[in-house]
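The chain below stands alone, shown as structure tokens; this is the form predicted on its own.
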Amino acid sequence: MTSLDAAGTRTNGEDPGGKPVTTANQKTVVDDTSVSALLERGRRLATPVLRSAVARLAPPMDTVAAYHFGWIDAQGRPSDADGGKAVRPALALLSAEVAGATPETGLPGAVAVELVHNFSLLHDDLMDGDEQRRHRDTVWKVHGPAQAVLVGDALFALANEILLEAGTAEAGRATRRLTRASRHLIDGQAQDISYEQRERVTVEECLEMEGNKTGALLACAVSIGAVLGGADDRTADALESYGYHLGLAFQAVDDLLGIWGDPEATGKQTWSDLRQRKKSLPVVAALASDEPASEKLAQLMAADAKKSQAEFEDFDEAEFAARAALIEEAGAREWTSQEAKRQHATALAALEPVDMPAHVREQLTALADFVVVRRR
């Protein structure tokens, strides 16, 4: 079977097995207990500060934001809905320990990054027309598009406010990194939208877009705590490199889940990315392949581009299943799985020159492993 390497050229690979985490010569092992504890620590420390920040918003934005975070339901009643994986807060707190500081030192950074991340989710859901997130209706569907935009803007402003309140030189350095990452994130979303209107996108363009949209903010998350803890720029830059490539691995897995993920686990519709005509990594890789299935897929997608979104959404399940099968036949499911592993390896390599406690290195490795084996 033929798949693609990172530059879009041919390499030999195994048949896709539907499990994007193992190869014949590599086995990823995740310490679930360690990762769960890190994620829970991130949620436990960050949530009270997040709630306090959201409480600063004028009504009804405070209520809308609380719904988005899963703290209340659509009727305003207390809720314990899924608030997300909390990977970014966990990374920010852990990065403070890289610098020899306490996890709490990274808390303003953890909260700021989580606010920016959720700003992007609110806007992305509206722009993409997503009606479900975390197993319930999205904000724009419940509260309307205007509130989704306003609350997203408010969360972005709060992120910078939270960071700058410390008034220290480290807080200023951290804010510069956050604003740069935010700009790249927005660049990535703009690229993502523009690619939907194009018949062809190169693998390189797709990786650049995903590096902006996902890698930049994860890079910031894993460096911002260290900066707040007094780390120098060389250390912070190495941590950013780890986070950037971890973000690319994260997005590659996300792209696989966007086509083949279990709706019960992801909280989204079956074939969700195909329904939105996204030029995600498996789609782009399939179109770049020289397998016969690639040309068949290209012909279908060219015809799809002439249809309205309403016509396209009327397709039955078999139509989307057929497109997913062609992507897999072209070798792109397996290639994307391998790309996640390549980015994972590059992320871990970036940590090698960084001096840090052994337990912190082990935890950063465990979080990286978690990203490439997750199911939602």
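In case it trips you up, residue 1 is the first one in the sequence shown, and so on. Given the structure is predicted, the values throughout are model-derived calculations rather than measurements.
Omitted here: the form predicted together with a further copy of the same chain. The next part is about that form.
- Among M61, A325, L351, A345, the residue placing a heavy atom within 4.5 Å of a further copy of the same chain in the model of the complex is M61.
- With the partner removed from view, the residue among A154, A249, V111, A86 that has a non-hydrogen atom within 4.5 Å of a further copy of the same chain in the model of the complex turns out to be A154.
- Stretch-level contact analysis of 190 to 198, 222 to 230, 254 to 262, 88 to 96 against a further copy of the same chain in the model of the complex, using heavy atoms and a 4.5 Å limit, identifies 190 to 198.
- Using a 4.5 angstroms threshold between heavy atoms, A37 stays clear of a further copy of the same chain in the model of the complex.
- Among heavy atoms of A81, none comes within 4.5 Å of a further copy of the same chain in the model of the complex.
- Looking at A302, you'd find every heavy atom of it more than 4.5 angstroms from a further copy of the same chain in the model of the complex.
- Taking the partner from elsewhere, N118 is found to have every heavy atom lying beyond 4.5 Å of a further copy of the same chain in the model of the complex.
- When contacts are defined as a non-hydrogen atom within 4.5 Å, all of H123, L126 and L150 contact a further copy of the same chain in the model of the complex.
- Within 4.5 angstroms of a further copy of the same chain in the model of the complex, the stretch 153 to 168 places a non-hydrogen atom from each of D153, A154, F156, A157, L158, N160, E161, L164, E165, G167, taken in sequence order.
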